[in-house]
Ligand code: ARG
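Next comes just one chain, in structure tokens: the form predicted on its own.
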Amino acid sequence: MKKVILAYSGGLDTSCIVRWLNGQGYEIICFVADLGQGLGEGEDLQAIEKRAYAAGASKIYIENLQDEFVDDFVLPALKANAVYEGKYLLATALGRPLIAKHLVEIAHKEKASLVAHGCTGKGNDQVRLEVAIGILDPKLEIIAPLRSWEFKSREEEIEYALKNNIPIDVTKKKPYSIDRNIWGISIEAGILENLEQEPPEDAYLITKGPTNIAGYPKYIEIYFEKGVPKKIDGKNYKLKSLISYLNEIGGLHGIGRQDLIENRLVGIKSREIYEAPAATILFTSHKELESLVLDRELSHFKEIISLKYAELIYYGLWYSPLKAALDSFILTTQKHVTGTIRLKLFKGNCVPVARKSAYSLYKKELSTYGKEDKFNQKLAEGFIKIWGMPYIGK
């Protein structure tokens, strides 16, 4: 019996895959990557373990990868200001190369030549996982049951799971597909596929809706050191704890909800709902601090790099040479990204209200219109003539 190492989430798809592959004559070893989905109100990892065995797994690995995830994957994306199509902060996309890395390592440990995943044939994650696996070990064979099995809908999978006594949390009334980690939550399927329908409140997990948001603002100060968030309101935090705290505070104030019509890598458009309170707060504050300390040309060029970096993450090219090269550039830009940003969290909005840095390029005596003004306005005439020379007729 051939061993298959399955990237197991504990959800509907991968639970059905365990039983389905058993029926094809494979021994299934499940791998669960704990990227923070078990924190707070999240998934119960013990329940996931029981579900895997109930579905027919012979063995299960549950590895806590939260620190590795935030330090080696989330932080580089934050320094890059990586956001896809202006809204998506890439929580799910960032988790896939890490899952692929450990999937390959477990396959080597178990001497397995096969790995499997539960990604749909029209989604992004199949690309992210398979390209990463192929880069890390091109000899591994990959099985993708959702591209070949007989089920045509999530409703059919639910019936299969119930028939085979596989314990699942999803129901036909709430058939959302959810991927969660400490950096954010991706939600799709069900009623969300109706573009004329506002997302119902039961689709959201960690952010409060408009009627439940506090009627008063919350002010916080975030201190960065070379692009790394270190403190909140003067208190030191490890990155994982800092993100968890901001998820809690941001969620209470409705921060981080996104409803996006997204261009998938495979060429179709899909509707995705995202929750990312901490990611939204940190992205906003980091970008604001950069606007204070980076010069104009570097700041504008980094916008281009940020867009490309986000695409590389989204397209599953984390381990590509271009991404490694861009990492070197981005690291250079963070040399002076040190300082404090004060934010106002109020009714779903995250607004910078104060900035401070020893490397600030802002000079009040040049920008002011008050009596402290030291800018020599007489120089402007010559500047305009030189600047406009290529365009203004003689």
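Note that this is a predicted model, so its numbers are computed, not measured. Each residue number is its position in the shown sequence, starting from 1.
Quick note: we don't show the form predicted together with the named molecule, though the next part is all about it.
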Of 237-245, 67-75, 214-222, 90-98, which is the one stretch near the named molecule in the predicted complex, taking non-hydrogen atoms within 4.5 angstroms as near? 90-98
Candidate from Ala310, Ile187, Ala107, Cys119 lying within 4.5 Å of the named molecule in the predicted complex - any heavy atom: Ile187
Here the chain is shown alone; which of Glu272, Glu85, Glu130, Asp137 has a heavy atom within 4.5 Å of the named molecule in the predicted complex? Glu272
Within a 4.5 Å heavy atom cut-off, is Glu262 in contact with the named molecule in the predicted complex? yes
The named molecule contact at Asn124 in the predicted complex, heavy atom, 4.5 Å: yes
Residue-level contact is defined here as any heavy atom of the residue lying within 4.5 Å of the named molecule in the predicted complex; does Ser177 satisfy this criterion? yes
Would Trp183 show up as a contact with the named molecule in the predicted complex if we use heavy atoms at 4.5 Å? no
Partner contacts in the predicted complex for 306-345 (non-hydrogen atom within 4.5 angstroms of the named molecule): Tyr314
